[in-house]
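Taking the form predicted on its own, here's one chain by itself in structure tokens.
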Amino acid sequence: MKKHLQTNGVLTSAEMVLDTARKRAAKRKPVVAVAGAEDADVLKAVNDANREGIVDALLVGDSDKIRRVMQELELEENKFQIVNTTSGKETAAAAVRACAEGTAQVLMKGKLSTPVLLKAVLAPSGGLRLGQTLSHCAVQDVPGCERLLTITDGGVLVAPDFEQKLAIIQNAAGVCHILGIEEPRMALLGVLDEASPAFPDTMEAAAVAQAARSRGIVKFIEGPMTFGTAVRGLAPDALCESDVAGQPDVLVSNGIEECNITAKGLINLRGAVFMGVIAGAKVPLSLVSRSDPARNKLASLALASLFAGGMP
């Protein structure tokens, strides 16, 4: 992972996120409530994060299975507190309750379906709702890029409507603030660099950008903008100017498929380090994939630990 010098409190690499998480945890280590902890990959990730001094953990799920997996991984059985549950619904509720009561400050998905966990998070009785739309932010440390690049939403909203896109932008701005970026620059992705009735998504992108500015959600946001223009900048013969092109902090996609393809393309082709978090609830929700390398899982938990209490 690359490591850049910190400028004006802005975190510009995954290594800086990890370093900052370690320093903060030395004062107050956040607890991660793992919903469905009977999963080897998740337990490895949590154990690695604990060994790095980033988090403690509350393991929720079938206690016998959790201990069995810990034995197979040769982990200390008494290292973390275990809460026994007997069903997916009960597991989700118990993990959410721990976060709502303040016992845990981060919620992590383990061997449990995402819809079951999100249903518990969004339940009025769960205590985690803030009245906001939930959305996923993929913060990426891309080799050759001097800043962290957030791509959204690739994990919650399949085909966001106008208002949901504004909520996605609001959540992404919050994540950027945690990274020390006070005024993030955002690009709404499109097939063209200008709105055209032939491509309805570009028309909506322009309208969303205008609404985000007029509502004071974010100052620097433009769209539609092709991926190439967003990351490389305007063409030399361009007749316009841009505050975003060539220096985006956030790329906002039209839908979950587009976002997944973009994010995973950077991971698989460029070796980007991925840090994923779902924002919009009382606590951050961390999801890791079985296919994620260990460094990505560790970095994701580090980001969630920072998001849990906000940057000092």
Partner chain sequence: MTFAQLLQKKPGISGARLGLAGENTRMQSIAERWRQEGGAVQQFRGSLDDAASAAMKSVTEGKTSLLLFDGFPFLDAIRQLEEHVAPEAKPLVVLQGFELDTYDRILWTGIAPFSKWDSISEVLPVLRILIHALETLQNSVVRVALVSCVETISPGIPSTVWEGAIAQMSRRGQLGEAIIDGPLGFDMAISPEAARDKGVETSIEGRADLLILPNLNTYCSLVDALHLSGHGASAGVVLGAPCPIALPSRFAAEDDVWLSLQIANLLRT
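Computed from a predicted structure; not experimentally measured. Residue numbers count along the first chain shown, from 1.
Same protein, other form: the form predicted together with the partner chain, not shown, and the subject of what follows.
When contacts are defined as a non-hydrogen atom within 4.5 Å, none of A167, G174 and D249 contacts the partner chain in the model of the complex. Among the residues C240, L73, L130, V158, the one placing a heavy atom within 4.5 Å of the partner chain in the model of the complex is V158. Only one of K65, K264, K282, K29 lies close to the partner chain in the model of the complex, with a heavy atom inside 4.5 Å, and it is K264. Contact check for R215: every heavy atom lies farther than 4.5 Å from the partner chain in the model of the complex. For the chain shown alone, T226 is a contact residue for the partner chain in the model of the complex, at least one non-hydrogen atom being within 4.5 angstroms. Within this chain, D39 is remote from the site of the partner chain in the model of the complex, having no heavy atom within 4.5 Å.
Though the partner is left out of this view, P115 does not reach within 4.5 Å of the partner chain in the model of the complex, counting heavy atoms only.
Remark: of stretches 266-274, 43-51, 30-38, 56-64, the one touching the partner chain in the model of the complex is 266-274 (heavy atom within 4.5 Å).
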